[in-house]
Ligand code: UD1
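In structure tokens, the next block holds one chain alone, the form predicted alone.
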Amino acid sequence: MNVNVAILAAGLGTRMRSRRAKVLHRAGGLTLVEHVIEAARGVAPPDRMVVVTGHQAERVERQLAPLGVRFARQPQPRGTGDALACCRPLLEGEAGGLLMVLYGDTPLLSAATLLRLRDEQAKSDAAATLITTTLDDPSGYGRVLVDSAGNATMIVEDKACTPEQKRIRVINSGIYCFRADLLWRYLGEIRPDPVSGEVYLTDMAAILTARGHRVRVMHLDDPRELLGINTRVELAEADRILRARKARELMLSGVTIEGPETVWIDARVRVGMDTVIEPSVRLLGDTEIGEDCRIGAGAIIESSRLGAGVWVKPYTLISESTVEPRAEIGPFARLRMDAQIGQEARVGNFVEVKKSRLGAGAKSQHLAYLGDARIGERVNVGAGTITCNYDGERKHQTEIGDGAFIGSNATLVAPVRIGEASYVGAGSVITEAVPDGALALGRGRQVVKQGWVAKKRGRSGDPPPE
């Protein structure tokens, strides 16, 4: 049976106290609404999802467009029933299937729960199935009234509850799976609330029941999965749960995490078997780490690719870069802007590599800046070396051939090429090409003046040192 998904994401979210739309706040490395879309992939492809936007619609749509979902706009915030009606032109043609209604601020909802919701509705003759849960304190939530057969007959908003109804602890999550034909047939019967003027989708339970249809209940034992984010406090709690889930997922797949409560791993990160992640590591964005790696304490890796057997030593920063198998990076190193580190290469402490490639077996172990450079295989770059890649107007490239040796404190002024198997003397400033197999020296000649200190002190009258 075809399933379409409507994700209601038009709200302002005033309790967040933010200039940003609530659904664009992040937890676990994704925006709130992106988590909902990821969960919904379990029941429908993105082209069968419609996200209803309203507040900051352009920003929300720009964020989600790469995911392949469709959009419907709610011009005015007139309630959940009105928001769903905005989807009608896009979804009513699928009247023979199911329509699932989700919310863009429920990031903890799982694909497994949505699959269960789909299956329970699909195997029944009910008009709809709604998710409920039980709360110790249901204040603020709509209560679900059920008949003797356990079918939902009405959803009563908290402010409209009688004293007896307020004692009901079974609450409505707002998540439904409808028979689409019946939903569209009766959606127009919802009447605006006389006080707020809004059209509430919760009224559909009573409308369908009055029309002779059943509304089933699917109860979740764990209410955390239904947590809607309304405040920064709830956002932080959702983030904590999502990151604990991710760490658990990785550990169950064969990754060792030392101090899992200290790590910070985003939802889309992938890590290979037998990799060890030390405490206080942050793995962010679309990062992929191969098997048998070791990621040192305090390292931060963002949107990068690491091959098998890579050793990232403590307090190293890697961003948008690639590290090939068995390379060693750090400690206190930085790779950024498409740095590419070859197999078994080494980048040591306080070395920064920017938009450069180090070939297989190349080494830069101490205190260097390598920017806009192509460095060949088995090159040794001495401590203090820098590539001067910027002339004040444009960036220029440095090329270092295979097997070259760059002495400590060398300054390579780009554009320049250092030939294969050549040597650059320590302390040299190189401004011209160095042929293969040559030695280049670019420094002032040393002069030693014996007795100069004594003569100077004699003239100045300074006492000799004790």
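Don't overthink the numbering: it's just position in the shown sequence, from 1. What we label the rigid core is the largest C-alpha set whose atoms superpose within 1.5 Å from one form to the other. Quantities reported herein were computed from a predicted structural model and do not represent experimental measurements.
Keep in mind that the form predicted together with the ligand is not shown, yet the notes after this line are about it.
With respect to the ligand in the predicted bound form, the three residues S110, R245 and D286 uniformly fall beyond 4.5 angstroms at the level of their nearest heavy atom. With the ligand omitted here, the record of contacts in the predicted bound form names 99-107 of 369-377, 115-123, 254-262, 99-107, defined by a heavy atom within 4.5 Å. Proximity of A83 to the ligand in the predicted bound form falls within the 4.5 Å heavy atom cutoff.
In the predicted bound form, the ligand lies within 4.5 Å of some heavy atom of R15.
Of the heavy atoms in R305, none are within 4.5 Å of the ligand in the predicted bound form. Although the partner is absent from this view, Y200 contacts the ligand in the predicted bound form, with a non-hydrogen atom inside 4.5 angstroms.
Interface residue among G174, G384, P314, G309, judged by heavy atoms within 4.5 Å of the ligand in the predicted bound form: G174.
This chain is drawn without the ligand; in the predicted bound form, the residue among Q365, T322, N151, N230 with a heavy atom within 4.5 Å of it is N230. Contacts between stretch 3-39 and the ligand, counted in the predicted bound form as any heavy atom lying within 4.5 Å, involve L8, A9, A10, G11, R15, K22, V23, listed in sequence order.
Taking the rigid core as fixed, one finds a CA shift for R143 of 2 Å or more between the shown form and the other one.
The two forms, fitted on the rigid core, differ between the shown form and the other one by less than 2 Å at the CA of T231. With a cut-off of 2 Å and the rigid core superposed, G197 has a Cα displacement that reaches or exceeds the cut-off between the shown form and the other one.
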